[in-house]
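One chain comes next, on its own, written as structure tokens: the form predicted on its own.
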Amino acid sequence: MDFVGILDEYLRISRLKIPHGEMKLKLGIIGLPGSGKSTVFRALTGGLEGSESRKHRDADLGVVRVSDPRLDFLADFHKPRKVTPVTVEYSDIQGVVGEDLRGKTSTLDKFMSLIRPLDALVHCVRFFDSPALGEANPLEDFRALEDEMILSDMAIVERRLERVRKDLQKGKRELALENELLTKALDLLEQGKPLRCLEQTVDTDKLRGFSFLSSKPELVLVNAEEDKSREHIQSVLNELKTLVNDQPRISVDWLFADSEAEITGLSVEEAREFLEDLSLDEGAKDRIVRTSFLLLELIVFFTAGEPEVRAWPLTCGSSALEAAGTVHTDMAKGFIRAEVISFDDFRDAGSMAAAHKAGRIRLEGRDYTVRDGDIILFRFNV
């Protein structure tokens, strides 16, 4: 029985249905008022317009399919009934911070509550002059919103610490570790530093549930106008990189948001010519997605057959057992082993039969570390 036949047989025996919802990474576009977030949103989502009124919604949403030539190749080979890529969901979070809104706790808390469930942040920083806001000051704007998130996290840590310390006085010694971790977090926040600098601490079971804003992976995206020279843009990028160079899970990039938003309405050929006029090798959308994957330390593996060819995001360093659980929890529960071939080996072999004959398909156990581009068949029994 060939690779696809084995998969069909196991699905038939177990009567297991693979969920068909697309895997979405949730990224929020944030920034001070006037930073051009909505234009960035249109540029990254293919021209989707934000709603004019947010009375019934707190954030505009746009879902982007992650382009992957490997997925396209597998789809052409298998001719499946369905092709499912990884998708990214961008949220255009309403800008509610600024000097005019300081002290409006309910509004600020609502803004922060929208950010907490997100996987990562795209922090839009203005690098264009504005009649209303004046000359651009990217570093100052970056620090302003970072400070808001640090203060929000500090308030949460202080409230929880107060409760934990009272309970410790009552003899609840099981809270000693949480008290130690929160104290460490508060010390850092009081220095004006984000919690991503305590990556291992905030990722522990004791603190992960707080979803601290300043611990989230962040892409600082400089929104520049076209009349800014590349040298000037690079100078700003270098200053921002210097500012955050001691922080993990943060990256700095840039785009001409107005131009990128305009490109989304053009044909492929017109868009290519537009990019050439701007001396750009590619549009920002694909580049930003790649950067987001790196920030989140994600790889992609594939399941492939006649019913469906599908790409799955997975945290780098994850095991075959964890990958099986990503596809379906029953696969992890009844895991036997995984049949694995790299995409490059499959492409070079030309078929699964040829790959089998060449010894390119490996049998791996639950502890196997999945690699980017692996095509996996999970053998399991439930």
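Note that residue numbering begins at 1 and tracks the sequence as displayed. This is a predicted model, so every value here is computed, not measured.
Missing here is the form predicted in complex with a small molecule; even so, the following discussion is about that form.
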property: In the predicted bound form, E225 touching the small molecule (heavy atom, 4.5 Å); result: yes
property: The small molecule contact in the predicted bound form: I288, any heavy atom under 4.5 Å; result: no
property: is_contact(W254, the small molecule) in the predicted bound form, heavy atom dist at most 4.5 Å; result: no
property: Contact label in the predicted bound form: P33 to the small molecule, heavy atom within 4.5 Å; result: yes
property: Complete contact of S113, D153 and F212 with the small molecule in the predicted bound form (any heavy atom, 4.5 Å); result: no
property: Proximity to the small molecule in the predicted bound form, single hit among T326, T45, T39, S318 (heavy atom within 4.5 Å); result: T39
property: Contact residue in the predicted bound form, from E148, D119, D258, D141 (heavy atom within 4.5 Å of the small molecule); result: D258
property: Listed range touching the small molecule, judged in the predicted bound form by heavy atoms within 4.5 Å, from 346-354, 63-71, 25-33, 330-338; result: 25-33
